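Only one chain is shown below, in structure tokens, and it's the form predicted alone.
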């Protein structure tokens, strides 16, 4: 898929990940995709579609640390960690049960470059341990773009990228980010269109790039970005 030494797509390992995930999902409702027929395209293929964007956005190849916010059941975190073994991949989620389940998946499958943090992004982004420490922040099915920007940008180093999984109908949602882009110094730099098999159809990943340091006022207090988007 991508001619790059740092990308290793091992379908056997990805299938194992899916099987282990589905076992966990049967105990704790992580996703409605409860069968291999749904989980493979809807979670695995949808996650690794991101790898195709490496040729369109060369800066992605410089990534050393990735943060996946609202990681939930571990997508796109876990498939990306398997395919990008040289990148340190960290997932954050506020629900401890989900963190525990994904932790068990990491151990069972054996994904040494993946780890997890339990907490709210609005709080963690003000911690010196995480603020401005990442080259790439991802999010899939978490929140509207304007909210995602406030969650994600404070975690990025200057020059880092946000990558947000969305449907192709994003024109209105993207237009609503104009103020957030200015306030957070994170302009929209393009989107990557891809197609999943059969009825899944076309989707897109939207990219923003951090061009300056983030003001210490962002992100705002827990809950505020969602209720009062920039």
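Model, not experiment: these values are computed from the prediction. Positions refer to the first chain, counted from 1.
Separately, the form predicted in complex with a small molecule exists; it is not shown, and the next lines address it.
Contact annotation for the candidate site: 171, 177 and 207 all lie away from the small molecule in the model of the complex (no heavy atom within 4.5 Å). Only one listed stretch (156-164, 134-142, 78-86, 105-113) carries heavy atoms within 4.5 Å of the small molecule in the model of the complex, and that stretch is 134-142.
Taking the partner from the other structure, the small molecule in the model of the complex has no heavy atom within 4.5 Å of any heavy atom of residue 127. Using a 4.5 angstroms threshold between heavy atoms, residue 41 stays clear of the small molecule in the model of the complex.
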